Ligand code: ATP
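Only one chain is included here, represented as structure tokens and corresponding to the form predicted alone.
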Amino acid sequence: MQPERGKKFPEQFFFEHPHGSQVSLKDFIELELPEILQLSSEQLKGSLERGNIKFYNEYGLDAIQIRKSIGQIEAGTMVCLGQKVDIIRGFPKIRRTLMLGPALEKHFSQKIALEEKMNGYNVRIARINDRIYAFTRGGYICPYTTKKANQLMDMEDFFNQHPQLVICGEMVGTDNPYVSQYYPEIGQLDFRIFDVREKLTNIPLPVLKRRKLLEEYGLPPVRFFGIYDTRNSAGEILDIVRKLGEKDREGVVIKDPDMQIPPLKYTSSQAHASELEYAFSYPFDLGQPFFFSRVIREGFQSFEMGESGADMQIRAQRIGESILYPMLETIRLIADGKVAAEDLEIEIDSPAEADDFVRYLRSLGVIATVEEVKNGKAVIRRLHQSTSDKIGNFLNGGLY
């Protein structure tokens, strides 16, 4: 019997244990998983009872999905069952610095490594049971990303030699169905790798060792700016971020070269404005969670860059326009009897792939439909229902 995803684990569900016997999933979680993850039985039992641990059964993979962090185990961790028990740890949250100079000296030791932060979506790629899967941040297998990652990169030799490693990277480009952004060197769709980690421990490879390994297998890394002295690098990094912003690029990730210290991220003003513009196109679905943190970033960045006069005015105007203009456009759209929606275009080999992608989006709680299938492409329409309903209500005299 296969339990439905999202339901509690039924005691009668069994899987073929690598030791060669049928094992109750309940017994595995209570008796073996605590030792594997180095957690107490009470921690796992409590998370299971709260619904933070779910059964996952999609695309030929049975797994235990950890939706919220438990102790040192990150949200998005997948315990994959089958030929052997494989642990794909969730990708750790990268914290952000608001004041670059003081944060560098406080957080890092003598040296830092600087790499570009690209605007796409975070994906972990690993071989499980002789198949290469792409896992999204929350611990779901995205069928579209899995297919495209395998088409864009030849990873067979890499995983043949390093089955214990996980590739962490960003899917980027204009055909990205989640975050569409144009990069001259990318075009429609490609992948850039920013991390390689061990499956069970989540220990990352040092920066230069990782980049050398990727080069050996012809796998594409993110752009590398170099190794810098921590105490003298803030001004140069600010200048790099400013130039990236002028080209509508996102920003940088600052790393300890040995990856012993957690990295930090720092993004451009243009990236903040772009995110606000997207969020305020659907203000009642996305606006509030996006707004405060990005405006705070702008204030601290403007201060650290010593802006005044015209430079400050340009920043203020950019923020204001990114909030007001898209919101007005959506209000006018709904006033004309339409709905708040965005169309995502993906390449497909068959209509079934479009249906599969929509089912995946719906499993995440996204309202989506296949709008059109034509010439090897599918248009997926994502509805932002809260924005449509609330703006419609206000236009008809509803109170806020």
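One rule holds for the numbers: they count along the sequence shown, beginning at 1. Bear in mind that the values here come from a model prediction, so they are computed numbers and not experimental data.
Keep in mind that the form predicted together with the ligand is missing from the display, and what follows is about it.
Novice: Identify, from the list V253, L214, A134, I112, the residue with a heavy atom within 4.5 Å of the ligand in the predicted complex.
Specialist: For this set of options, the contacting one is V253.
Novice: Considering the ligand in the predicted complex, which of I167, M118, V241, M78 comes within 4.5 Å of it through any heavy atom?
Specialist: If I apply the 4.5 Å criterion carefully, the residue I get is M118.
Novice: Using a 4.5 Å heavy atom cut-off, indicate which stretch of 225-233, 139-147, 103-111, 85-93 touches the ligand in the predicted complex.
Specialist: Contact-bearing stretch, as computed: 85-93.
Novice: Looking in the predicted complex, is the ligand within 4.5 Å of a heavy atom from each of N122, F194 and K265?
Specialist: Per the other structure, all of N122, F194 and K265 touch the ligand.
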